[in-house]
Every structure is written in C-alpha cells, then in structure tokens.
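Only one chain is shown below, in structure tokens, and it's the form predicted alone.
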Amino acid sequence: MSGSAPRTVSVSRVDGRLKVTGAARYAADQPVDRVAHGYLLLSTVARGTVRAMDVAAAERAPGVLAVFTPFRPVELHGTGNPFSVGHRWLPLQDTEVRYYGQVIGLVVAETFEQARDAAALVRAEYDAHPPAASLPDGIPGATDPGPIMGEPARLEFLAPGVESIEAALAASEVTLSGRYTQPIKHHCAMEPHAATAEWQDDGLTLYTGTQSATLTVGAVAAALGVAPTQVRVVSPHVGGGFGNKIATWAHPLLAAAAARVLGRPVKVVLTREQTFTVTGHRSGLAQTVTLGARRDGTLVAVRHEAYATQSASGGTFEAAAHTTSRYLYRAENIHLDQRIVTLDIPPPTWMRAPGQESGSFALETALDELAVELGIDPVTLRLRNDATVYPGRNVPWSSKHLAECYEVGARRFGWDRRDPVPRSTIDGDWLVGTGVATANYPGERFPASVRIRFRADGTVGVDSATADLGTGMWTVLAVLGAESLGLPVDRIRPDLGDSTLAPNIGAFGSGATASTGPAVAAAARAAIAELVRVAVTHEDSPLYGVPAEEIDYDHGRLVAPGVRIGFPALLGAVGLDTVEATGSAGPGPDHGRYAFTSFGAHFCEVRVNRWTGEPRVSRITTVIDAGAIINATTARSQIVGGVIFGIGQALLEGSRLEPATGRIANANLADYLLPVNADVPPIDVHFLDHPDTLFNPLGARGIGEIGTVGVAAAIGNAVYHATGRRVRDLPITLDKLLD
C-alpha cells in the first residue's frame, strides 16, 4: 500500500475551515506578549550614499522606543547571500544606497501607527548619482551571467557539418525572427511580508511567512551570529509566495536584531508599497527568437537570445532561453544566449516558473508566427516538432504525453471548428480569436523527511518542516498519510511550517509534493515497523513474543494468528502515548538517466472589442501531463491559479520603472493591475494522470508552476487570430490594438 502510486482522490482542504473562519494564524497574527512594532524607512534615491539622517523628532514622538539607521545600526554579521538573504548586503550596515526603496532605517514604537507616524518625521540627506534604470539602454553593456543550471550562458548544439547557427539559419527554407519584451513583474501575494521576533534566553523564535523554514533558520542565524540551533522559525500558513518568500529579506533580520537590543518582541509588517522594493520581483526581459524551418514546418534551427534585468546588489534573473528553447522542441541546431543587464534597481528573485513563464511567451509566439507564415495549423506544427528525447543530452523522457495533451485539449476546446483566417469570426462588437501554446516545467525532487506518530487517541500525526503557500500541502500530508496507513483522512493530523519538525527544505520549484510524498511513504513503513517492534517486545502487549515476521499491518491494526488489535488499544495496553518514526527520501538512481519534465497545452479564446480595442479572455482549456495527481481538488486549484497568473502577465501586469529616478511609479494595487473576478473566464482543467514512477514512487511530478507557462503566448496568439495584429510587447493593452 505504501510503496505504489496512490489513487487520485478529491478531498477538500483540511485547513479550509481554519482559513474561512479566520482562525489560521499567519506571520502577523501570532499572539506574542509585549510586542513592539517596527516600521521600515526606505531610500528616496536610487544610487548614492546616505550623508546624514535627522532622527531627533522621530525619537521624541509618542511611543517610540528606538530608531535604527546606518549611523545607529543593529548588529548583523556577514555580507548576505543572494540565495538565502536575497541580495549581497545586510541592512543598515553601511550608508550605500543601491536602489530606490532600499531599507535605510527602522523605527520601533509601541504601536504600528506610532512607528509609522514617527518614520514620517525622519529626514535623510543623500549624495546622489544618476542611476542606470533602463533595460533598453543597458543592453549594449549586457554581460555573461556565468553558468546556468550547469551549462554555459551561451550554449550551442549543431548538426554534423554545420559550422554555425547563422549557417543553419541561412540554409533554412523559411526563416522568421521576432523581438519580444515584457516589463518587471511583481508577486503581489495576498499576505504582505511580515515577521515577529521573540527572544527567550539565548533562543530566537521567528514567526515569518516563508517557503522554507530551514533556509530562513540558516540565513537568520548567520546574520545574527548565533548557532542554527538557537533559531526556531514558525510559518504554519503563508498567504501566497510564488517564489517571493524563499529568500530572507531585510525585515525578519531587522526584527530579530531589534528585539535582541530592546529585550522585547518586535513585529515588522510591510506596507503594500514597501513589498514592491524590499522583497524582489521578476526580471524585465527583452528576447529575440529566430527560427529556421523547412516548408513542411520541421524546425532546422532555433536561436534564442535573452536579456534580463539584474540588480547591482545581487538577486537572481530570468534564464528565459535555457528553460524553454533548450529542450521544448526538436531542432537540428539550437543556439541559446542569455545575458544580464545590471541596473540600479531592487534585486529580482524567483517568481512562479522563473524563466519558463517569460521564455515561453517569446518561443510560443514565434512558433505561432511560423505557423501563420507556413499556413500550417499551430497544433500540427508543434506536434511535428515534438522532442522525443531531451535535445543535446539525448536521454529519454521518463514520461511524456504532450501529444495526448493536444489531442484531448483540441477535442474539449473544439479546435476543429476554428477558421484559421484572422478576423474571420465576429460576434456583434467583438472580434473572436483562438490560440494555443505549450506548457512545460521540470520535475524537481529534493531530500525530505517526514515523521509519523501513532497516537493513543486513534489519530496519527504526520509532520514535516515544509510549507503550504495555499498550494495544498496540509491536505497532501493528510491524503498521503491516510493512503500509506490505510486510514480515513479525518484521522490524520498533519503539521508543517516549523523548523523543529522533520527536516524539509520547503516548498518551491514545484517540488514539495514530489519530494515530501515519498518521505511520507517511507515514514509510514518505518512507523509500522516501530509499532510492530513495540508490540512484540513489550510484556504487556497481547503480541508479546510473537515473531515480527508473523505480524501484518492492516488499516491501523496489527494482525497475527488469533490476535487482531488496533494501534490505540495496543498503545493503551503498553502505556504509551505515541509510537513514532521518521522516514526520508530523495532523488533516486534514475536522475541523470532520464529527463523529468511535466508538459501541458493551453487552448484559449479571446474577444477584442472592434471599437475600443479592449481584449477579454472568454474561455481557456488546459490539459496537463504531470504524472499522478494526488488530490484532484487542490491540483485543479493550482492550475487555475497558474492560468490566472498568465492572464495577468498577458493583459495587465507590469511595473513602470522611471529611467531617470529608478522609482517604481505604480508600486500599489491601484496602479499595478492584477486579474480580478471580471478578468477570469471559465477555465476547463483536465489532467491526464499517467503516473511517472521513474521519477518517484508516487508517480507524481509538480504542478505549482506549469499552469502559468505558455498562457500569455496562447492569449497573444488568440489576439492575433482575432485582430490580425501581432503584439510582441507585454502586457497586451487596448492602446496596442487600436487602429
């Protein structure tokens, strides 16, 4: 039972009641006595140094306990790390200003309002310099970022006898090239970032919304100069992360350091505007995709060049070319070139499907343009170039059913009714178009551990230090625990989001279920073995002295000839409250021998008003090949959320960076537009549900990110089909569609 792929079930979220009743406690909700409140001070120039700060008025303000600045800093150690801290510096340890909106101070007071009002009294003086804050202006000076996923940033695979990608393109019967751009994009999770720090003796408890309690422990301990064993991170509920809550940003470090100085707990909750600069974003990109093909649509050459914004203070960037054109389609010649443009802007960080979301817009739009040029159906063109092995590595996929995704999706969507001629379908004031695109995301597995506890009250605890960002991990632990132990879901008591639980690196890279799930099965086997050991070795057990190999476990009971006893009765007989064991799992021996990737297909219908140019997505069908589906209810929610993410990318979202000042002009939810109910059409989601047991014993690959990959391209392709106008610059706003 515990070693095979689980049956697909459909279970409501086990944490749903807590959330809808308001009982779920997020980072800012934890009850802590005598808590003081901190408010961040941010720079108002993008590049330079802080010459002086006048804090006298703030210090005299009601309720103020302390004002920390680079001239009166808290004690932090090290230089920061782009993976754990988000950038290569620690807050308030120097006077350098690296970008507009950088943390340059912290006001701590008895209440949030007192801290906020006092912060408005602080005056900062700067020695400012003109910033570099324009992607187009920085492209001529773009640099090589170094290896990407172990491969060179400039990577090329050429067919035998082909001297260069230029030669391959020149020899192609048809060539097509397009330049595609998209602005910086922000996560805008429902829960703003927050941290509450409480010291007891020499130990710190930090309540903060994080995708990895483990990584947060390491980052905080290093910055505070304490041992990791002195730090406990608690994050049972996270109100959205999307990659934005992997790294540890300035606010938990400052909250912890200030609490240590003041001798009382400190809470720091970011305002919405502060989240736009303090906690990262997706890179802005400019990409050029050039395709060479035969007239039958077979790809001969793919050249994908990408320029991504990077911050002078560190962070990550979007490796758009390497995550899409690297392996999505079969081509005899592939050339990838990833460059970074270093700007005086806040540090970028991971954002849902980093690289894949942005790269798919360029590649999948170019494929559609090629289909139009050749007069080939866009689905047919994609299937004609389906990669049967991983290009360049030439290893097989562990499981790939992309062709079936297109077959099923086309049938459900009604693709065969499509007239390929642009502007051919009109419904009153609306031009109607349809488009498609491929989705892809790699299968990731990380080492993970799970602890299972049989309890005398008849319940079973299943815990791991992973995270739930609204992705459904509470429910996954319950479902897999129940499946592995043959018990009803309502008898499982999951626990997560605490660094003191069974070790787990967290939830990111669409790897949480794929990593933690096999560990649940391993823990179940270990816990059953421990239950049997107790049963045969304890003198008060009715199974005392029975050979262990003669005992079977059956749905919560131990069974031997003449004896059948449930674990609650056994624990009561031997006088124990619990019997527990921990199981671990990690990437298996087949990693390296196969390519592990999830695939999907998006079919989209868009309506564009003939008079106003307003684009509206009217329906979407998405078919996903992601291995076994553990819980259909939360799985569908993940794909729907990803599709909505893609609608935002396609039609609405983008930060407006002022080149002269480096300021993000629309750092609020009034001017930074996100999809709302009126923007979201009916979304038909279908899973193929083919278990991939080469990837892991569950047969399940990740689904948290693949849903957004390709959506913007499918929408853009549908807009072209509706209007005959190709938009290569996101977002696709009505001004780009007006004649």
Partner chain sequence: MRPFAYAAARSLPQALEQVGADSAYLAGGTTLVDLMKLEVLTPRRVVDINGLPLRGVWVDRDGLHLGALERMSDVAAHQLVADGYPLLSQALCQSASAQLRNMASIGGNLLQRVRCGYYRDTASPCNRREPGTGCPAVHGENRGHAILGTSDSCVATHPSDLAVALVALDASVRLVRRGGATRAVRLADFYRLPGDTPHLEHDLRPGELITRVTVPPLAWARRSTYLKIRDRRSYEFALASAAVALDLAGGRIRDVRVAVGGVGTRPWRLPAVEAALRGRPLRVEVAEAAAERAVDGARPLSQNGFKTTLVRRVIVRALMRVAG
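Keep in mind it's a predicted model, so treat the numbers as computed, not measured. Numbering follows the first chain given and starts at 1.
Although not depicted, the form predicted in complex with its partner chain is the subject of the following passage.
A.B. asks: Are all three of 234, 269 and 495 close to its partner chain in the predicted bound form, meaning a heavy atom of each within 4.5 Å?
C.D. replies: Result no, not one residue of the spot touches its partner chain.
A.B. asks: Heavy atom within 4.5 Å of its partner chain in the predicted bound form: which of 330, 525, 591, 656 fits that? Just give me the one.
C.D. replies: Only one listed residue qualifies here, and that residue is 656.
A.B. asks: If you check 546, 128, 120, 312 against its partner chain in the predicted bound form, which one has a heavy atom within 4.5 Å?
C.D. replies: By the 4.5 Å heavy-atom cutoff, the listed residue in contact is 120.
A.B. asks: Looking at heavy atoms inside 4.5 Å, which stretch does its partner chain contact in the predicted bound form, given the options 657 to 665, 574 to 582, 456 to 464, 179 to 187?
C.D. replies: In short, 657 to 665.
A.B. asks: Find out whether any non-hydrogen atom of residue 430 is located within 4.5 angstroms of its partner chain in the predicted bound form, and reply yes or no.
C.D. replies: Because a heavy atom of residue 430 falls inside 4.5 Å of its partner chain in the predicted bound form, the answer is yes.
A.B. asks: Should residue 612 be counted as a contact of its partner chain in the predicted bound form, where contact means heavy atoms within 4.5 Å?
C.D. replies: Looking in the predicted bound form, residue contacts with its partner chain include residue 612, since a heavy atom lies within 4.5 Å.
A.B. asks: Does its partner chain get within 4.5 angstroms of any non-hydrogen atom of residue 652 in the predicted bound form?
C.D. replies: Yes, residue 652 lies within 4.5 Å of its partner chain in the predicted bound form.
A.B. asks: Even though the partner isn't displayed, in the predicted bound form is residue 673 close enough to its partner chain, meaning a heavy atom within 4.5 Å?
C.D. replies: Heavy-atom contact with its partner chain at 4.5 Å: present for residue 673.
A.B. asks: Going by heavy atoms, what in 701 to 739 lies within 4.5 angstroms of its partner chain in the predicted bound form?
C.D. replies: Result: 733, 734, 735, 738, 739.
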